[in-house]
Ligand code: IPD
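Here we start with a single chain on its own, the form predicted on its own, put down as structure tokens.
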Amino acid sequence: MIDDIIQISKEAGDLIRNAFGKAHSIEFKTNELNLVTETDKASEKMITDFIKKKYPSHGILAEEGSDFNKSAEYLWVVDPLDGTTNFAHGLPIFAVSIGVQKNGETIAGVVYDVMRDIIYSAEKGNGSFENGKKISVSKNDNLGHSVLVTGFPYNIRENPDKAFERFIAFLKHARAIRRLGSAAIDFCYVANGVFDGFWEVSLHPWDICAGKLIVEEAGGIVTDFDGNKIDIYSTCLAGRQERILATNGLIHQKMIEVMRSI
């Protein structure tokens, strides 16, 4: 199955790459910061058509609305274009992200870094790979020497969950912070040791599914801000915004301590 996930990720990536830099039809979802283009929709249709033809009994949960047999034993969790704002503005940092779950457990994940032509992949229990080469998280255990990455939710102007304060706190504790605009790529850059840690709030299942497995299979840890295990579907339970923390494991507790100080 992993070969099929890679295949359709690359095909969707080719579609996106061919549309990059051209004029787009832009619509807004929840607010003016939350964009969707015709390319998001075309990529999702390509992926879902593939799944329905090759794996007709499998379920689908996708960002742009595709919802097919979610109670099936196997569920494909799809972000057809992660980093739409970057794509729409000509910034070449975006990805296709596809995770597959079996009975609620993620067993395979692929993130295709489209413009760099890099496939990040993982299968449960078999490690993580970058274009077929095994990868692992960084060995840095010093938060002061760490490069971190974060993202901001679409309601950032409301400063959800003290997002501004957390950003400032980590500026004071880490070597540097980056903000790329694609959670899927953020996860993968933690997995391959580019970043030592990543935090964000209000991510959805399709933002998390593949990347979480890739980090974990590369030796990293993914929890909430308190160190608890997360469910990719618990993004907003009882009005509480899910908090995602992914690290190399060595700075995990140190990042939690900074979170708790705010």
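Values in this document were obtained by computation on a predicted structure and should not be read as measured data. We number the residues from 1 along the sequence you see.
This next part talks about the form predicted in complex with this ligand, which is not shown.
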{"item": "Partner-contacting position among Gly127, Pro160, Pro92, Gly181 - heavy atom within 4.5 Å of this ligand in the model of the complex", "value": "Gly181"}
{"item": "Answer option from Ala122, Leu81, Val111, Val100, heavy atom within 4.5 Å of this ligand in the model of the complex", "value": "Leu81"}
{"item": "Joint contact, Pro153, Glu200 and Asp207 to this ligand in the model of the complex, by non-hydrogen atom at 4.5 Å", "value": "yes"}
{"item": "Heavy atom of Glu63 within 4.5 Å of this ligand in the model of the complex", "value": "yes"}
{"item": "Stretch in contact in the model of the complex with this ligand, which is absent here, among 133-141, 81-89, 68-76, 188-196 (heavy atoms within 4.5 Å)", "value": "81-89"}
